[in-house]
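Okay, so here's just one chain, in structure tokens, the form predicted alone.
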Amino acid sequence: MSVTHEDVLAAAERIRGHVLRTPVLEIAPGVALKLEQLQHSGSFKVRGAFNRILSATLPEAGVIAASGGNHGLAVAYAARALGVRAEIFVPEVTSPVKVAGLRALGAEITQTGAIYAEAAEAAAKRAAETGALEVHAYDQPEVVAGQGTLGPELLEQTGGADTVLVAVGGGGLASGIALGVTGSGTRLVVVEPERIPTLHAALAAGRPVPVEVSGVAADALGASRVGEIAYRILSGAGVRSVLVSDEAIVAARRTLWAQHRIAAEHSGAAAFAALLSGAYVPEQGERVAVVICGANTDPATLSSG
């Protein structure tokens, strides 16, 4: 289940034309935002979904996925674009906005379980029954490689960032970016909510361990443990792990909207929260890029929290 830099480059060629090259916005000297919330389906997840589906021989039963919402939307979007049947399992904490989006994309939806892990268990059982192709939210080589295509794209757009800040749930995006920027000298800072510290806990324990899942970003960063692939990559990549409070995430989301008119969900604002709250303080002259990774949220709540 190894994934390499070359796999990321191959994924970039495979999904070219299926995903957007999302813009970068410089909001202050040395601080740029990678606006991945403008990606198809509202998050980076569509990169991994397309790479997984396009890499496979598709069964008649189509594809199946478990998701807190964004991955499901991405799989549903990719499946519709490719003319493939999609069945999506989501937990009860999934926001109504994301459930409505899944319906609009024509996916068959099953809402079950209190958290993502329970929905994933149900999806795996269903896949065994139907033979559908499983598209994992983060712990598959093709998914990690697909998410990693954001890395080289970002480096090209910024002319080379010193540091990339990225949020972690299951770790597919962060580990993919780590592979994507291999050899560039770019450092990775991974950001998690204090109430869902999957990678932070894994690094402390020396292996992926279960954590409790709660807080404002639970619907998207709600993996109960970091993925095995992500842990192997990130634990050996010299990444820095920082935690942010729910209050910092809420404040970052409000700031993105109030000052930059960027509509982000709480998980999408988590990496920016590290910069805004001082959980990560750049050195003088350091060029920082922050990944804004998701926008599937109720617009009416952007100013209130």
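All residue numbers are counted from 1 along the displayed sequence. These numbers were taken from a predicted model, which means no experiment stands behind them.
What comes next is about the form predicted together with another copy of the chain, which is not displayed.
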Residue within 4.5 Å of another copy of the chain in the predicted complex by heavy atom, from Ala279, Leu54, Ala61, Leu38, is Leu38
Quick check for you: of 237-245, 30-38, 44-52, 269-277, which stretch puts a non-hydrogen atom within 4.5 Å of another copy of the chain in the predicted complex? 30-38
Please check if His260 has a heavy atom lying within 4.5 Å of any heavy atom of another copy of the chain in the predicted complex. yes
Is there a heavy atom of Ser303 no more than 4.5 Å from a heavy atom of another copy of the chain in the predicted complex? yes
Is Ala295 a contact residue for another copy of the chain in the predicted complex, using a 4.5 Å heavy atom cut-off? yes
Looking in the predicted complex, any heavy atom of Arg14 within 4.5 Å of another copy of the chain? no
Just give me the residues of 19-38, first to last, that have a heavy atom within 4.5 Å of another copy of the chain in the predicted complex. Leu20, Arg21, Thr22, Pro23, Val24, Leu25, Glu26, Ile27, Leu35, Gln37, Leu38
